[in-house]
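Presented as structure tokens, the chain that follows is alone, the form predicted alone.
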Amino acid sequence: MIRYALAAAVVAAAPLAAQSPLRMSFWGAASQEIVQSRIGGVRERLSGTMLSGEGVLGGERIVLRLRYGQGTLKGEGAIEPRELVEGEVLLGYRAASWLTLWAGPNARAYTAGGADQRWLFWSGRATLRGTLLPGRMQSFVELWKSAGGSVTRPDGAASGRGAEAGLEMRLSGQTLWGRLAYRVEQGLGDGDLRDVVETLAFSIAYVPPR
């Protein structure tokens, strides 16, 4: 995951460096995660809390978004707890004030009993925004679908898709914002492998004024 993040960040550095001025925002989030997985006829449901951070760097048109989070998932009965790590590195293009197009890798890894299962997707996505109260509140919807991917344990090709929707609101002054969002993602692999992740997250951010 780290190798993919570094490679994508290097690719994005040139167009970002050509922009002036650049703006950066930082988000910190706490979320409740529900994971439902199926391998063959075996189904598991786990849930837990995840802490994550997000940074967005961009100019008028080109923008880079990095997100990383981790937490622990627990199930009922004999289901072994899993450590969950998620990350993404996305390069975006602001096609309009209400539309941003993205491309890049996003990954998710579970660790249980010293063994890992890793999902990696190369995806394209679009973020649409609408203003509810100018300068104070806006809504957003983000949709994505993979162009290719892979999964381990069992090893094979994978496909994925997902959606996120929520509200962003100014909390204090000009720079402190909050976000409430719901996200659902699905990964599909060979051998009747299926992974569905639902997330309800609250975030607080420092967003510098324009």
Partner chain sequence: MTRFVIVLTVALVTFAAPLRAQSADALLAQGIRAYQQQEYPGGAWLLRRALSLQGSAALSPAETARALMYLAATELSRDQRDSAIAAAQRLQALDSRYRPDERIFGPPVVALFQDAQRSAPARSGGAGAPVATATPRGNTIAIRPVGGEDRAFRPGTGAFLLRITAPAPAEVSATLTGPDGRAIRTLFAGLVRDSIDLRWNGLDIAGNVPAPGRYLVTVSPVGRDRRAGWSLRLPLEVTRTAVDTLTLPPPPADSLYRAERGTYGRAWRSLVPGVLAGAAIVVLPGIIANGEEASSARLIIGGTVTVAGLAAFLSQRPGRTISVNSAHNRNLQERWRRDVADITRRNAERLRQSQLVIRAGAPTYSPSEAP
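Remember, it's a predicted structure, so these values are computed and weren't measured experimentally. Numbering follows the first chain given and starts at 1.
Keep in mind that the form predicted together with its partner chain is missing from the display, and what follows is about it.
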Query raised in the report: Is there a heavy atom of residue 25 no more than 4.5 Å from a heavy atom of its partner chain in the predicted bound form?
Result: no
Requested in this report: Indicate whether its partner chain has at least one heavy atom within 4.5 Å of a heavy atom of residue 36 in the predicted bound form.
Outcome: yes
Query raised in the report: Can residue 135 be called a contact residue for its partner chain in the predicted bound form at 4.5 Å between heavy atoms?
Result: yes
**Report entry** is_contact(residue 140, its partner chain) in the predicted bound form, heavy atom dist at most 4.5 Å
**Finding:** yes
Requested in this report: Only one of 165, 51, 171, 157 comes within 4.5 Å of its partner chain in the predicted bound form by heavy atoms, so just point that one out.
Outcome: 165
Report task. From the candidate stretches 64-72, 178-186, 51-59, 146-154, select the single one in contact with its partner chain in the predicted bound form, where contact means a heavy atom within 4.5 Å. Result -> 178-186
Query raised in the report: Along 39-78, which positions have a non-hydrogen atom within 4.5 Å of its partner chain in the predicted bound form?
Result: 43, 45
